[in-house]
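Form predicted on its own, single chain, as structure tokens, below.
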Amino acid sequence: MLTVPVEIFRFKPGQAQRYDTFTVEIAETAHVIDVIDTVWAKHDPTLTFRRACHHSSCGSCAVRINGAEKLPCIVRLTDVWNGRNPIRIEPLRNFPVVSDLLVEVGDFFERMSAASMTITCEAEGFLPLTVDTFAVAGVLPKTVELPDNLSRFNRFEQCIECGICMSACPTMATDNKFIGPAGLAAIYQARHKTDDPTRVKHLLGLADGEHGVWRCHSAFECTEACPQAVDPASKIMALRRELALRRLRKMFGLRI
């Protein structure tokens, strides 16, 4: 067992913001979400936070741990604690704080809906090894063998709508109407699932708007922080390239 000091951001409506410090007795194999659970269960039942799946599928538990955006359900305690100083746990940035670690995500989901975020996509023909725990040097992705009665299959999109990229994004701090990395990545995905000219025009219009791809500062913080390898920064750059190419073609009277 470990004895771990934890500093947790606290806020309730009508009260001033503060940090409360707790000392938690917990197993060395614990994840940070277990630390938060223990504080709630054994020290302060008024602590407010989100969590659900416990294995990086829902994104609901996202917070900042020692200043970095993380999913505490997959972050090992021993990876973020130096054995001396308290672990600091705070809510995501660029979201209104409702209570303690709980932030308001309604506006974020509205943006994702407007960006045509989809839940599933057509799956690749192989199973990539993308989780560092299981990735082994020299081991190639495994080819998927489909049953005779299936010609294709779907998988869930990588984006779990955790909001981590929105918190890490420096542009979000200066423009609260910015569509954001997740929304722009969703536009990219939706655009590449359709050849319908009307649909393409609508999606690229969203990306080309006042608060679209051109507001991005190209900091790539979103890709660095993303826990699911969505790589929103590269998708934003790809949308920029397509928009710039379309402008050039239009300028010189070429067929788009």
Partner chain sequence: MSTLNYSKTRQAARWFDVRRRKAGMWAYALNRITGIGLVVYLYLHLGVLSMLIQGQSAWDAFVGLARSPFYLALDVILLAGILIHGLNGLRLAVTGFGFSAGAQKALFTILMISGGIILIAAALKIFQI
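Positions refer to the first chain, counted from 1. What you are looking at is a predicted structure, and each value in this text was computed from that prediction instead of being measured.
There is another form of this protein, the form predicted together with its partner chain, and it is not shown here; the text below is about that form.
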Distance check, H217 to its partner chain in the predicted bound form, heavy atom within 4.5 Å: yes
Any non-hydrogen atom of R240 within 4.5 angstroms of its partner chain in the predicted bound form: yes
4.5 Å heavy atom contact, A168 and its partner chain in the predicted bound form: yes
4.5 Å heavy atom contact, T174 and its partner chain in the predicted bound form: yes
In the predicted bound form, residues of 70-93 near its partner chain [heavy atom within 4.5 Å]: K70, R93
